[in-house]
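First comes one chain, alone, set out as structure tokens in the form predicted on its own.
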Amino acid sequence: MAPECLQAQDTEAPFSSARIAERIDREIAAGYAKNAIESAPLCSDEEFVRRVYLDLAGRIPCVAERNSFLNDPSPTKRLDCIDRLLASEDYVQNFADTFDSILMGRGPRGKVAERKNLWRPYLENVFRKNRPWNEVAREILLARPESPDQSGAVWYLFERQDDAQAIAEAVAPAFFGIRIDCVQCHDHMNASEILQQHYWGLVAFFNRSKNQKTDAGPRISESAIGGFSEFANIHGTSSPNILTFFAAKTVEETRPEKDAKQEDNEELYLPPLTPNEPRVPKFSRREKFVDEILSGHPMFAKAFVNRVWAMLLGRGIVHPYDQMDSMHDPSHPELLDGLATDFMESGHDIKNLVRGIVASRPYQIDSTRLPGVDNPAWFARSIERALTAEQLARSIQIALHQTAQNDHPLMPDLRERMPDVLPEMIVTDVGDALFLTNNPKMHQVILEASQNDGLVARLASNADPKGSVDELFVAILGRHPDSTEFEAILEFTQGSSSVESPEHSISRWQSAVWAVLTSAEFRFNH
């Protein structure tokens, strides 16, 4: 059965993000002029439609979607396509996939399965309703749901099983774009602004929190006492773990006298508002964190903007995107500042930001490597990006004329083989090739495409073998074959005998489909 083509949901007027696109075009063009370089030309419609479907819908377009776009005479068809994809359920699933990995890490299959109950529906709702990112961050880190549709936010802390250090090491890059793993024992060796006290201060904000199972579901309780300790540096000097964090003020808290015993009594807690919810301390460290550290933090908007930029253009304005420190200067500082301001003024509107970036010229140029233009930080060409496991699994299904399913049996295997999302460096090795060659589920999906209206069956039954070769390339790579490719596939699939059994014909087309499907061109967005 042919794949169902994307259906846009009802949506309001197009997102007003022209200012973002104009800012990007202006600042990036200024960089070209400063470095005396030229950029690659705009990509073709054929390249654009594949790229934007992968980035927004998380899959390649089906042939009908591709052809509909290419045949559209409208001068605004690229913006129309962007808006249609942003209004689709495919966008919701794709961004939920990506942010699940960014915020939680891949994790073993069991953990990923557990997230489907609460965390995954919460993330999907974030992108389906286009929730403001600052509100989402607050719900995740405060972890006190005020309605059933916020319950899944608790899972971000709950999955980390009361490990305040693991929580701190996850929160810093995810919400502020910095890594603090290396300052547990000493101040940062190179980025001197990141201090050991920032690590232990962030730990302190969460070290009174504890997982609690209630009738309402998983919750994060918080004690009103405890959590006072000292940390030592490599020289043996000890310091108190006060409530502080990088580029933020210190939250004042009364510390008990050394060895003084604290009593955990009801006077330290607010009256319960809901019977099934954990009690809330009058002085809540988590609440102080979201109110006085997270809210208005100078890195919060920049970190999100830089991450989304990296997702869509192959690297951050600060690269790596989660190391926004003095050792990693932004390639275009005015652009980063301006985009962060635009993001805040829009009400932390995620779709508005995404639309502005995708509508910009730097996003839409091709991947041609011009002589002397070698620095990827100039964004003078489209940077090749490896597909995520989810993008690859869905694209394989679409290419083979199947309906893309998020729970396809191939998906967990690809997640384990390709754990990284937004890797600092793209590395492909022989293991990837062996996986795609030997994985039984990969074989099975090609066998399924040999039946009914699957791609292999269609190619083998076509009375015009030349048409089949062309269809093969259009369905999988979104383009027509060049003369060398055309002749090679035609010769291989037709064999040496003029009369060949249907089984042999199917087998040859299976091999041809497998070869193109596992090619580097298919596995990259470019």
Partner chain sequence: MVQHNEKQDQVYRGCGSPEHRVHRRLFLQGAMASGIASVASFNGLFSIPALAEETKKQGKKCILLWLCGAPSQFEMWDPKPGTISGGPFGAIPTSIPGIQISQLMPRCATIMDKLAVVRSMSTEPNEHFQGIDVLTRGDKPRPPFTRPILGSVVAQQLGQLDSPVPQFVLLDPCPEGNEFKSFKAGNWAGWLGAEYGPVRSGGEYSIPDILRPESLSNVDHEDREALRKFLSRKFENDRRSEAAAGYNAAFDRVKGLMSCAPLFDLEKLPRADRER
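Positions refer to the first chain, counted from 1. Being a predicted model, the structure only gives us computed values, none of them experimental.
The same protein also exists as the form predicted together with its partner chain; that form is not shown, yet it is the one meant from here on.
Its partner chain in the predicted complex comes within 4.5 Å of no heavy atom belonging to residue 70. Contact check for residue 136: every heavy atom lies farther than 4.5 Å from its partner chain in the predicted complex. Interface residue remark: residue 47 is counted as part of the site for its partner chain in the predicted complex, having a heavy atom within 4.5 Å. Its partner chain is not drawn, but in the predicted complex it has no heavy atom within 4.5 Å of residue 80.
For the candidate set 361, 128, 210, 443, a heavy atom within 4.5 Å of its partner chain in the predicted complex is found for exactly one residue, namely 443. This chain is drawn without its partner chain; in the predicted complex, the residue among 42, 488, 29, 64 with a heavy atom within 4.5 Å of it is 488. Comment: 435-443 is the region of 260-268, 292-300, 435-443, 81-89 lying near its partner chain in the predicted complex, near meaning a non-hydrogen atom within 4.5 Å.
Contact with its partner chain in the predicted complex holds for all three of 367, 519 and 523, each having a heavy atom within 4.5 Å. In the predicted complex, its partner chain lies beyond 4.5 angstroms of every heavy atom of every residue of 115-133.
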